[in-house]
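For reference, the chain that follows is the form predicted alone, supplied as structure tokens.
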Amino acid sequence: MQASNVLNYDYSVAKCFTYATILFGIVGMLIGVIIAYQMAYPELNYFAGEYGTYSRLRPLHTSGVIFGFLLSGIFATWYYVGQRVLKVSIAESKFLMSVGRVHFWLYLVVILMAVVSLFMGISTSKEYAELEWPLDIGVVLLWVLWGISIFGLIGIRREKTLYVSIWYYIATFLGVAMLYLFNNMEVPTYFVSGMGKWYHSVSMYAGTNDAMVQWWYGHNAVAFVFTVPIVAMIYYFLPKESAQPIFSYKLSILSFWGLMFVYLWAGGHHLLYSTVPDWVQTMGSIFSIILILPSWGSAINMLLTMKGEWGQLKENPLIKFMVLASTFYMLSTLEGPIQAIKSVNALAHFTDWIPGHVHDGTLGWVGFMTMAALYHMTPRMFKKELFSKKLMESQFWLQTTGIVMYFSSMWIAGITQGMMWRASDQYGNLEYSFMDTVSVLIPYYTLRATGGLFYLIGFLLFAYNMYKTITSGKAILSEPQNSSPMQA
């Protein structure tokens, strides 16, 4: 390729993953709202027989949002950011171009088969790892293809210095590969014993060992899917959108290695007061507290990048999304370590405070940053102005309201649960029955579901804005250098 064509990036694969992000976001969040209302109104469990129950839909919601919406967003941003930061077009290599296309189509097939199998009730029953072994093989293959794309593009790059975002994408690939392989080691029962369905399997681990491996995986899936690639996104998109350099590049590297070394040891906090060794529980608690340092290092670095430029919050909704995402990251990464303290966990564990913590991170940090990234990418990929700034503002405030309703209701519900479970009368008997604790939470469940509905409506506004931008947005003659052009 001639030097004059170096900057003609190929966004075909990034566009495909962008469409997938929007599609799986709608599906995953819609199911989430349905099961949230099922918690408040149990009769909704029977709207579609066994296929409409909470137990059948909940794995679809978590997998749809994590491995559908979020993973598509990660792949979309990689195929966009990777080319631009490394100063090379994927189209310069027919091999890498083919790998990218096969990566997308294999991913789409695996995700659709996962939806069908989970909807049918075919599951390993392991949190965030419900897929049976045939689909696990598909996941491994598509992950290898992504790795080839990452290291292949790095291998033909023109920019010799690897920007910090690339470090985070590499860590995502390596971390998830290690976690997924070890946690999903399973034995196909039919081929070993001749009994059961051909696709059924049992974990290679048992009892306490299975629990420790599962939550080593479960917690670090949050690290290497919910955290590391989202940090990669914001370190690219916030400076690009704001025209501000990162406040401290050294701090970004320090936080990177802090996350890599500390996060992997914190999974034991999911198993406090269980049968795992006490030293594992204590280690999980201690490393969870230490985890505040690299997490806040990243978040503060992001916020200080806007130092002296806070006026952009008034003019640019994308900056607003990214700054609030960073703020939610700070809150979530403080709340998690607090919950990992043994005395706090004694109250919080198994209560609704835990999903409250999970969702203020996923809805605020992950959701806002992913949508902001796609908003930034779209004018540059499709050469169109964003359709409506007013829609973006409405989406922002609607979703922010929804997030606050969600996590505040779950905080109150969780602490109420914990206190009622522990309450005893003068004779040492439990003061409340289990049903007492369930019935008192119904108003909070209704509030949580309504907050989720607000967030879903906001996401539909996002999808509509993206659709109108792509199909009828005003054409732009030259690529914007910083702030994304948008119609009023």
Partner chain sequence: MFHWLERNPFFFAVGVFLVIAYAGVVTILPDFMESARPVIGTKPYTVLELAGRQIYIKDSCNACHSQLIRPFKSETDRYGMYSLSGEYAYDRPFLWGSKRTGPDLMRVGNYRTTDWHDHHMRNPQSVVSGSIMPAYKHMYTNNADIQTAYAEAYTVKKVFNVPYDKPNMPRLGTFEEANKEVMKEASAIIADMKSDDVKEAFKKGEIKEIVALIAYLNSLK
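Here the structure is a predicted model, which is why all the values come from computation and not from measurement. Positions refer to the first chain, counted from 1.
The protein also exists as the form predicted together with the partner chain; that form is not presented, and the subsequent description refers to it.
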Report summary line: Students should find that, of Val404, Ile253, Val144, Ile137, the residue having a non-hydrogen atom no more than 4.5 angstroms from the partner chain in the predicted bound form is Ile253
Query - Interface residue in the predicted bound form among Phe387, Phe224, Phe368, Trp78, criterion: non-hydrogen atom within 4.5 angstroms of the partner chain - result: Phe224
Requested in this report: Determine whether any heavy atom of Leu174 comes within 4.5 Å of a heavy atom of the partner chain in the predicted bound form, and answer yes or no.
Outcome: yes
Query raised in the report: For Asn45, is any heavy atom within 4.5 Å of the partner chain in the predicted bound form, or not?
Result: yes
**Report entry** 4.5 Å heavy atom contact, Trp265 and the partner chain in the predicted bound form
**Finding:** yes
Query raised in the report: Within a 4.5 Å heavy atom cut-off, is Thr124 in contact with the partner chain in the predicted bound form?
Result: yes
Query raised in the report: At 4.5 angstroms, heavy atoms only, are His200, Ala211 and Trp215 all close to the partner chain in the predicted bound form?
Result: yes
Query raised in the report: in the predicted bound form, which of 432-440, 62-70, 456-464, 26-34 comes within 4.5 Å of the partner chain (heavy atoms)?
Result: 432-440
Requested in this report: Quick one: name the residues from 473-488 with any non-hydrogen atom within 4.5 angstroms of the partner chain in the predicted bound form.
Outcome: none
